[in-house]
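Shown next as structure tokens: one chain only, the form predicted alone.
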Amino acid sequence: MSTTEIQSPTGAPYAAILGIGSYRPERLVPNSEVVEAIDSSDEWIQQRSGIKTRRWAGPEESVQMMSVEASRRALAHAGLDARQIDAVVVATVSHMLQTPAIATAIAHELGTDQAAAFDISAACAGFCHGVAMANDMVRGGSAGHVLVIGVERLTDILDLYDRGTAFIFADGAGAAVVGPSETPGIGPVVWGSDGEQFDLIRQREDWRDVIASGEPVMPHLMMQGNSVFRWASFAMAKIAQQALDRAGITLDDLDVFVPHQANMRIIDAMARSMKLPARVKIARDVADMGNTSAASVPLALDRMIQEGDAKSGDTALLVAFGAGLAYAAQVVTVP
């Protein structure tokens, strides 16, 4: 038996989000453009979801293009060059190639120096999963700086005639640079899944069934909205409180709340259940952007920063949930 010891990497004592950026597609789609196909109305959509408009990507606004633009803005915010990025983690469910990971192409286009690059599939919770992984990578020594991207082009798999989803889902990208910090900037993650409810949000058709049908159609998203609402409104408030507790933060210490932008009613229900103080700023990007799945949390946080609702050094709680049902939450310091 060899007596040689395997060397263990040494990372930074702490990690933090150093910069954030986002990309919003140019096309703004009001409720009036979707109501006829689903026999609905602007009033019904706003009452049910709080959504007034959403962004849908054009032909040239691919998953890769939106990710690169958001990443460049995040790098500029962090004051870093792409060659300083050691790993690229992309959270998405709408990159249409099973392999290779879109992260590799994004890393190359950005000009990283052969960074590790891979995709993760945790649906709407993907960005928070990526931040948790990046935190561990920086502190564990496997990467100095990690680029975390949440990106979706959900209109590629959206059934425009489905009354339960056509008005909800949208496109966009958000990115964050995670790197070393002298003080804790990312709290412990609280994450998990409730696979017993696997079917509440899912891709409706199996790719094999689509191919066998011979029809030139894409698989579509489906969601059991009422069940998701009941689960998320109350279960996620408990997860959010656990994230605060694990970070040693109380509601009195919290400045910003950035939940997944699924539905305004869910956001309001979570805030009530948590008894958030009125002074805590709450992200409500869903009204203008719709539900962008893995992109929603970084898009919402970046908007709050741009509009002055979140300031550098503020304490923010990120919470996300989605298909699976996968979820994740953590406390972070606003860059």
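Worth saying up front: this structure is predicted, and the values here are computed from it rather than measured. In case it trips you up, residue 1 is the first one in the sequence shown, and so on.
Although it is not shown, the form predicted in complex with a small molecule is what the next lines describe.
- Heavy atoms of residue 263 reach within 4.5 Å of the small molecule in the model of the complex, making it an interface residue.
- With a 4.5 Å cutoff on heavy atoms, residue 169 counts as touching the small molecule in the model of the complex.
- Put simply, residue 101 is far from the small molecule in the model of the complex: not one heavy atom of it is within 4.5 Å.
- Put simply, residue 39 is close to the small molecule in the model of the complex: some heavy atom of it is within 4.5 Å.
- Comment: 221 to 229 is the region of 71 to 79, 221 to 229, 205 to 213, 86 to 94 lying near the small molecule in the model of the complex, near meaning a non-hydrogen atom within 4.5 Å.
- For the candidate set 201, 133, 244, 186, a heavy atom within 4.5 Å of the small molecule in the model of the complex is found for exactly one residue, namely 201.
- This chain is drawn without the small molecule; in the model of the complex, the residue among 144, 192, 164, 140 with a heavy atom within 4.5 Å of it is 164.
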